[in-house]
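Only one chain is given next, in structure tokens, and it is the form predicted alone.
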Amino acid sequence: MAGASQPDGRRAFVVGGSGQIGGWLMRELAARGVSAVGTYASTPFQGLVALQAAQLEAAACELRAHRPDVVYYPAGFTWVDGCERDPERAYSANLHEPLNLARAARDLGARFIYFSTDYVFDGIRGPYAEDAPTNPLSVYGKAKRDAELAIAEELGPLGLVVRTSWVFGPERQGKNFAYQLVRTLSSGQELVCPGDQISSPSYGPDVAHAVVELAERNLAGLIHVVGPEVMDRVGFAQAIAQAFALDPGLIRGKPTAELGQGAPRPLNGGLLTPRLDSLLPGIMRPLQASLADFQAKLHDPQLAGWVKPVN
């Protein structure tokens, strides 16, 4: 899989451009001079086009009309407990809808980049490298695993699956864990976290930067794109609290079994990045550097009106 320089006039299509990763993909592509069309399903932002991926033929027609060279698919139904309660929606949003657009991309000769998760593993012997066998515990993880397999089988060298986890950072909707934590602690309330869940915090702007760079190199297959640390949720929460000058003493860990979550979670999870490290060493910044950049972006006048304040 050889590298390639960026051709002039290349076109990208970002399904879920209103979301956390999708928004940073749009900014990263714009910074590189790539013509990108971004879509939204329920939360409109200026410059994005409406797309209901569940309307399979209409969605495929919309994609074909733009004739992209690369399609990014960070969209999906990522509410893990909701997926457990509604398996049909989970499989539609995380498998059937992206696979429909992956096939449309393939027919155009375009590459398709699908975003997956460490929930494809059972969390017994993590962290996991790309070649570790999958064994998802939840409907969400099973749908993602099935999508990974289908895209690899049907797209071959035109398909790239990117696994990431615990994505945080500045974004337009302000929905990720860091925003929830800052709002909760700023109001003086206690935040209860699963103390026995371990994974890899991943800074959203860095995830987008790395994935676009991988796309520039025409890479295919499966690559983990996560931050360099593997840590428990309480430690992650405490690091965010300290970065925002909030009281980490308000963070309390509880065993996952006591939280009443609807779907099983991998406990000893997280992802190793041997392939990313060999291709783009150091591209994912450590947690402390990411948190410093998070704060800087919140106060960057060039991002005013685009990045949602944390409180």
Ligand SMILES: NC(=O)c1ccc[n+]([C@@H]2O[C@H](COP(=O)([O-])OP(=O)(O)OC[C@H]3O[C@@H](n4cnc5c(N)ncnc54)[C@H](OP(=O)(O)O)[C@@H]3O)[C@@H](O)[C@H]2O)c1
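Predicted, not measured: the structure shown is a model, and the values here were computed from it. Numbers follow the displayed sequence, beginning with 1.
Absent from the display: the form predicted together with this ligand. The rest refers to it.
Colleague: Among Q52, A75 and T164, does every residue place a heavy atom within 4.5 Å of this ligand in the predicted complex?
Modeller: The answer is yes; Q52, A75 and T164 each reach this ligand.
Colleague: Can you check 187 to 195, 212 to 220, 153 to 161, 166 to 174 and let me know which stretch has heavy atoms within 4.5 Å of this ligand in the predicted complex?
Modeller: Correct option: 166 to 174.
Colleague: With a cut-off of 4.5 Å between heavy atoms, is S290 one of the residues that contacts this ligand in the predicted complex?
Modeller: Heavy-atom contact with this ligand at 4.5 Å: absent for S290.
Colleague: Does any heavy atom of S278 come within 4.5 Å of a heavy atom of this ligand in the predicted complex?
Modeller: It does not: once this ligand is placed as it appears in the predicted complex, S278 has no heavy atom within 4.5 Å of it.
Colleague: Would S42 count as touching this ligand in the predicted complex under a 4.5 Å heavy atom rule?
Modeller: Flag for S42 set to yes.
Colleague: Would you please decide whether F121 lies within 4.5 angstroms of this ligand in the predicted complex, comparing each non-hydrogen atom pair?
Modeller: No, F121 stays farther than 4.5 Å from this ligand in the predicted complex.
Colleague: So which of Q238, S138, S116, N100 reaches within 4.5 angstroms of this ligand in the predicted complex, heavy atom to heavy atom?
Modeller: That would be S116.
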